[in-house]
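The chain below stands alone and is given as C-alpha cells, in the form predicted on its own.
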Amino acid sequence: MNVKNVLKQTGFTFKKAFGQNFLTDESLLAGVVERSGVNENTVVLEIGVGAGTLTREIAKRAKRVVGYEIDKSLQPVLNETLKDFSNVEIVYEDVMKSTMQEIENKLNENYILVANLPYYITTPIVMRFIEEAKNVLAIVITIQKEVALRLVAKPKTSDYGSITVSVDAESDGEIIEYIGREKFYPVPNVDSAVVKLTLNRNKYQNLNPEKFKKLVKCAFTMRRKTLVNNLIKGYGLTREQAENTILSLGYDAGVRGEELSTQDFIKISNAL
C-alpha cells in the first residue's frame, strides 16, 4: 500500500506539534515487529498510530491491537490503511489523559506496548508505564537515537543518567534496530533507534521505590557535583553526615552519581 498516496488523497496535513514523522518501509517495520516478540497470542497497545503503517505489520501477527491516536484528522487515513484488519481498534484520544486503569481495562490482559514517539513525550510515556502499569510485558519504542542511547547506557558514560537508572531498575533494555532519518516521511532532522524494554519487576532485591527515586533524582540534579554535595542539598545533611554515610558503605567521598550502578543506588538509598 502506498501510504503517501493515501495521505495526499485524504488531504492530510502534518502537524509539527505532534512530532509526526511516519515510517513507510514495510520490510523494516516487519523486522521491528518480529524482534519485538509479537506473535498470534499477543495483545498490543500502540501509542501514536500515525498513518497506520506499523499498525498494519503488528495486526498481521498479533491477536489484537488497540491503538491510541491524538490526531483525529488521521481518521480518514486510518480508515483506508487499516480497512483489511478486523483485529484493530483505534481510540482517538490523548493516552496521557486516560487513567492507567482505563487503558488496561480496555486491553483486558497482558500486553506489549509499541510506540513511535516524538522526543518531548518519550520519558513521560516510558516512566508512566514502568511505574504504573500492571500488565505490560515489554515496551518497544522508536525514538530519537540519542534518547535511545541514554535508556541503555552504562555507568561512567556521558549518556548515563537518571532515566537510565530508573528504567534499569524494573526492566532489561536493548536497542534492536537503528533507523536512519531517510526512512521517515517527512524526513526529520535526527536518526532514530528502536529500544525494547522487557519488564523485570523482581530484577533487584530490597528496592524501595520511593527511597530509590528520591536518591536518583538527587544524584543527577547537579550532574557534575559529587554525590556528597548533592546529598547535602537534597537531603539537608551536613557534609560530615553525607561523607560518613558514603564512606561507611565503601564508596569514595568524591564519587558522582554517574559512576554508580542501579544496585549502588538501591544500597545507598536504603542506608539513607
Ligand code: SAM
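What you are looking at is a predicted structure, and each value in this text was computed from that prediction instead of being measured. The numbering used is simple: start at 1 and walk along the sequence shown.
This protein has a second form, the form predicted in complex with S-adenosylmethionine (SAM), left out of what is shown; the following refers to that one.
A.B. asks: For the three residues L23, E46 and P118, which mark the spot I'm curious about, does each lie within 4.5 Å of S-adenosylmethionine (SAM) in the model of the complex through at least one heavy atom?
C.D. replies: Result yes, every residue of the spot touches S-adenosylmethionine (SAM).
A.B. asks: Please identify the residue among D191, D71, E80, E104 with any heavy atom within 4.5 Å of S-adenosylmethionine (SAM) in the model of the complex.
C.D. replies: When S-adenosylmethionine (SAM) is considered in the model of the complex, the option within 4.5 Å is D71.
A.B. asks: Could you spot which one of I175, L137, V187, M96 gets a heavy atom to within 4.5 Å of S-adenosylmethionine (SAM) in the model of the complex?
C.D. replies: None of the others qualify; the residue that does is M96.
A.B. asks: Although S-adenosylmethionine (SAM) is absent from this view, report whether L54 comes within 4.5 Å of it in the model of the complex, heavy atoms only.
C.D. replies: Heavy-atom contact with S-adenosylmethionine (SAM) at 4.5 Å: present for L54.
A.B. asks: Tell me which stretch of 198 to 206, 71 to 79, 126 to 134, 151 to 159 has a heavy atom within 4.5 angstroms of S-adenosylmethionine (SAM) in the model of the complex.
C.D. replies: One stretch meets the cut-off, namely 71 to 79.
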